[in-house]
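Next up is one chain by itself, shown in structure tokens, the form predicted alone.
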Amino acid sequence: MIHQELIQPGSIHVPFQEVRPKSYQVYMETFGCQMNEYDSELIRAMLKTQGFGFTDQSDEADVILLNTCAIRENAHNRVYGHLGKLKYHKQERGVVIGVLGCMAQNLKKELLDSQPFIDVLVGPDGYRQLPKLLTTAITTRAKGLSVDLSEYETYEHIIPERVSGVNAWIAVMRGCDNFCTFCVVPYTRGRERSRDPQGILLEAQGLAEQGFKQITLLGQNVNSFRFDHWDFAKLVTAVADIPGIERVRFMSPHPKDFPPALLDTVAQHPNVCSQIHLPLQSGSDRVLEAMGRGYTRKEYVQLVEAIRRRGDIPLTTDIICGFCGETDTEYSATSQLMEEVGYHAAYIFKYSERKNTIAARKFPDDVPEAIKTERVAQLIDRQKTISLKNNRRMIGQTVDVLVEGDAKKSSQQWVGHTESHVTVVWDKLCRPSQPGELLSVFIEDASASTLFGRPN
């Protein structure tokens, strides 16, 4: 039973400063994309303003929050697995359990029916209500829900609570109007709305003052950014011009409406990284049309050619294997296009039907799971070969690397990324360094995923 008094239409107008609880401790886990990571930073800021504290130990928490993703089946399964483990905390300690984000928005009834111990469900547009809902759940045990989609919520004037580091994300817009048939985002994050550029620039200036060297601008389709006379190319340039910002990245653009001005900005501005993430999804015209992607194979290739005419701009991509009705021939068309483009990296996934999407209503999910798995494995192997070839071309060259911290496999090594977003690893003994430093590194060896070098 949802506590109806807590379900308020237009709830985003309720100032989150109204609630002043004691310092309840919150443990939060984040699943999914960079936008979810950014949202978790917003949530931390709003809760801390209201006196909540945060802990990295779930057994010390009064509140456990899962900020969820609804894009792929694996993300769903991970969240459900975590929810199963949280029953212990509920039964033994009476902890308040909250599910946030896209799953809360898209699967609210299913979650409430199957996981009755959940106290609070909040979608991506309802985070301003979270302090009040959590405080009520803690003090009265009433359940709370805030899952209304908004046409205008952008969380303007809320500065995310970030962990110190080298890279920071800034969401420049929210929602999506593309309605790709496989994608649940328009149903979980609503329609497109862009932030005021002045607020974005103030946020970026603050990050530069805090020592962040790289900013990644986020949106479901950043090409669609519009605010008065500002387009996305103008915004990227303005952020890149901020003193102290060494690198600017963005994701993700959509191939169907990639403006030439943005290509020129990537090619010409020294602080805008010469690397573009350009989701393909499929190399088959029939599949692209069924996906509602809005471009053909030929148009995609023409865009790649337009990018390549502007210089050496590495491309990465997303690919879905086994979309509804995908034949061997259509799969082969994707594989061939991967080879033709020569991506530096590709994120390859099996198609998984998402509730409420157009594809779920219109097409049968008829490609056998074993075939999907086989196709994904084959494309991953092919991409490894392509990536190794691209990376081995770097041997003998000197590249600028932004130092990020300890390498995953050894604290005796540093790790960073090139402008083209290739991982570089080198021994700390070679040269004293620190995170945030731009370092010239001579590349001595390469694998499919990593360059190995020594500082000059």
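As the structure is a prediction and not an experimental result, all values here were calculated from the model. For every residue, the number given is its place in the sequence shown, counted from 1.
The next section is about a form of this same protein that is not shown, the form predicted in complex with a small molecule.
Engineer: Which one, 183, 307, 233, 145, lies within 4.5 Å of the small molecule in the predicted complex by heavy atoms?
Structural biologist: Checking each option against the small molecule in the predicted complex, the one that comes within 4.5 Å is 183.
Engineer: Note which of 273, 104, 133, 320 lies within 4.5 Å of the small molecule in the predicted complex, where distance is taken over heavy atoms; exactly one does.
Structural biologist: Selected option: 320.
Engineer: Does residue 352 make contact with the small molecule in the predicted complex, using a 4.5 Å heavy atom cut-off?
Structural biologist: Answer yes; at least one heavy atom of residue 352 falls within 4.5 Å of the small molecule in the predicted complex.
Engineer: Can you work out whether residue 71 and the small molecule are in contact in the predicted complex, taking contact to mean some heavy atom pair no more than 4.5 Å apart?
Structural biologist: Although the small molecule is absent here, residue 71 would touch it in the predicted complex, with heavy atoms inside 4.5 Å.
Engineer: Hey, in the predicted complex, does residue 284 get a heavy atom within 4.5 angstroms of the small molecule?
Structural biologist: Residue-level check for residue 284: no, no contact with the small molecule.
Engineer: Would you point out which of 152-160, 209-217, 312-320, 382-390 contains residues with a non-hydrogen atom within 4.5 Å of the small molecule in the predicted complex?
Structural biologist: Correct option: 312-320.
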